[in-house]
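First, one chain by itself: the form predicted alone, in structure tokens.
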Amino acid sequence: MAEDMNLLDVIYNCRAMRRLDSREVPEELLVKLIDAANQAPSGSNMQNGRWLVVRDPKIKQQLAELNRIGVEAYMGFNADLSNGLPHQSADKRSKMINAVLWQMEHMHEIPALVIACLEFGTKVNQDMISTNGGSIWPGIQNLLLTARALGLGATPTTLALSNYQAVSEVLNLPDTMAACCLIPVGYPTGKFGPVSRKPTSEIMCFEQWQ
């Protein structure tokens, strides 16, 4: 664990960790993640975030298959993903893509899949899912930072959730609830390190954009 890390240490070293060990994550740590997520703000303080922690092999396998469909479609639509970007070399980009593919092949082996959901109180449609993320993503970020502080790897993905009706069937969600994000959680096989981001000078202005 890294409980001696301060908040800024956690933020600046919360690297995406997709390659995760299959060993079990203690239940008390999983509860800590959800408890931290639950502290986040929500629109109008509705507190309508709902969290599923999936450990059952059969359900994980079904989610893994939905994720495979989503990843393969995404890769097909973005054939140039492995090309470099101004802020990311082709080599680093390729490593990231390889990690996504590794996760696709091994998702069913990852010890816990956390599903962040929203309860709408009325029958869900795709537009509602698309426009209410502000009430769940702060909780997801809380979860990611808490996982890092506990020495766990956790990286969000929505590729498994493209077919929200299929996901709802797998998870037995009521028609008033929708899955918004899937977060595989486990002990990373690689090493944590600082994140690589564009310099603040390139993405920030005061008063007006210039």
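Computed from a predicted model, the values in this text were never measured in an experiment. Don't overthink the numbering: it's just position in the shown sequence, from 1.
If you look for the form predicted together with another copy of the chain, you will not find it shown, but the lines that follow are about it.
K.L.:
Consider Thr131 of the chain shown here, and say whether it contacts another copy of the chain in the model of the complex, taking contact as heavy atoms within 4.5 Å.
P.N.:
Result yes; Thr131 sits at the interface with another copy of the chain in the model of the complex.
K.L.:
Taking another copy of the chain as it sits in the model of the complex, is Glu24 in contact with it (heavy atom to heavy atom, 4.5 Å or less)?
P.N.:
Although another copy of the chain is absent here, Glu24 would stay clear of it in the model of the complex, with no heavy atoms inside 4.5 Å.
K.L.:
Verify the contact flag for Arg68: yes if a non-hydrogen atom of it lies within 4.5 Å of a non-hydrogen atom of another copy of the chain in the model of the complex, no if not.
P.N.:
Residue-level check for Arg68: no, no contact with another copy of the chain.
K.L.:
Counting only non-hydrogen atoms and a 4.5 angstroms cut-off, does Ala99 reach another copy of the chain in the model of the complex?
P.N.:
No, Ala99 is distant from the partner.
K.L.:
Between Ala64, Leu173, Val185, Leu182, only one gets a heavy atom within 4.5 angstroms of another copy of the chain in the model of the complex; which residue is that?
P.N.:
Contact check passes for Leu173.
K.L.:
Check Ala73, Met104 and Met107: does every one of them have a heavy atom within 4.5 Å of another copy of the chain in the model of the complex?
P.N.:
Judged in the model of the complex, none of Ala73, Met104 and Met107 sits within 4.5 Å of another copy of the chain.
K.L.:
In the model of the complex, which residues of 137-171 put a heavy atom within 4.5 Å of another copy of the chain?
P.N.:
Heavy-atom contacts to another copy of the chain in the model of the complex: Trp137, Pro138, Gln141, Asn142, Leu144, Leu145, Thr146, Ala149, Pro156, Glu169, Val170, Leu171.
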